[in-house]
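Below sits a lone chain in structure tokens, taken as the form predicted alone.
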Amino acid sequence: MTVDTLALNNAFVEDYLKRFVQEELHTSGFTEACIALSGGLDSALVLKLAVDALGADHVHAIFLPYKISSAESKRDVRTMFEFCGIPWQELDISGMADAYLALQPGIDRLRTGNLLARLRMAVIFDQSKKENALVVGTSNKSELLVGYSTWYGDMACAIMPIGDLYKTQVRSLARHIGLPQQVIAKPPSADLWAGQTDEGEIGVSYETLDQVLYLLVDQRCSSAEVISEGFDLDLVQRVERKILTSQFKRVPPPIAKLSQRTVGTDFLYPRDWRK
């Protein structure tokens, strides 16, 4: 199997995702969107889709750096603000983060990274209240399936426009839309510490990961069938483990059922059911 298997009709997908953003905000009674920009491709693509769907005046994007955030992140965020024609907004989270970190001697960098992701979401949700806006998430399908995201951090949002696009599909759509090349070409990174990259932490390139995920999830192939396609046994088992051990992140918290109608079990309605 090759990456071509993941090819999409980008013109159709672009139009569909813009309508998705419009309709989800409308059915929820909102006209404004709030997005946290990181300097990475995913948030850049979501910003462009939201601006094209709603208009620049209705999209509130904010850069939320920590003191070790790279200069390249700020550069690429500024590029996207200018590309989309929206005013610069920056709120540095260093003070609030350091106040807590000072109380946690010896905290490791994973906990620190999770803390920063959750602080950013706390800020973006507060800003969304100020703007009477819905928070638009920027996670892609590759991250969601392997759990490479922070629970109630970058996963926290009202809608996820690109949550069903693998990373390779995100890149393809970004090229189609014409995002700045420097944003498309940069190595994916959560920018949590110097030199950190997504693929370094996950342990495999997105091109390979996406093919394995596509076979396991979309095609419902067994491990043996995926391996027969030429993928390494250890890689396939590692990806399967990541999917299984991160499932708790992708579902609502289970509720102990005691009554006739339980939220999430028997009481099931779309968010606009009242209309």
Partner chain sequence: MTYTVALAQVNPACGDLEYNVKMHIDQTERALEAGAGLIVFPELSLTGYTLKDQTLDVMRPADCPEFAGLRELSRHIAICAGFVEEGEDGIPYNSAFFMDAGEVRHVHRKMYLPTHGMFEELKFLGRGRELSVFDTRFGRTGIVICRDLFHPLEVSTMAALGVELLLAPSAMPARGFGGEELGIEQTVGLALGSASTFLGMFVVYVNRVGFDDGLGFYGGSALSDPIGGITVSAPRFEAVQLLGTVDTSHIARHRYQLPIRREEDLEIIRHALETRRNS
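Source: prediction; values computed, not measured. Numbering follows the first chain given and starts at 1.
A second form of this protein, the form predicted in complex with its partner chain, is not displayed here; the remarks below concern that form.
Its partner chain in the predicted complex comes within 4.5 Å of a heavy atom belonging to residue 9. Heavy atoms within 4.5 Å of its partner chain in the predicted complex are found in exactly one of 202 to 210, 22 to 30, 53 to 61, 236 to 244, that being 22 to 30. Using a 4.5 Å heavy atom cutoff, none of 35, 100 and 105 lies near its partner chain in the predicted complex.
For the partner-free chain shown, 261, 266, 267 of 237 to 267 come within 4.5 angstroms of its partner chain in the predicted complex, judged by any non-hydrogen atom.
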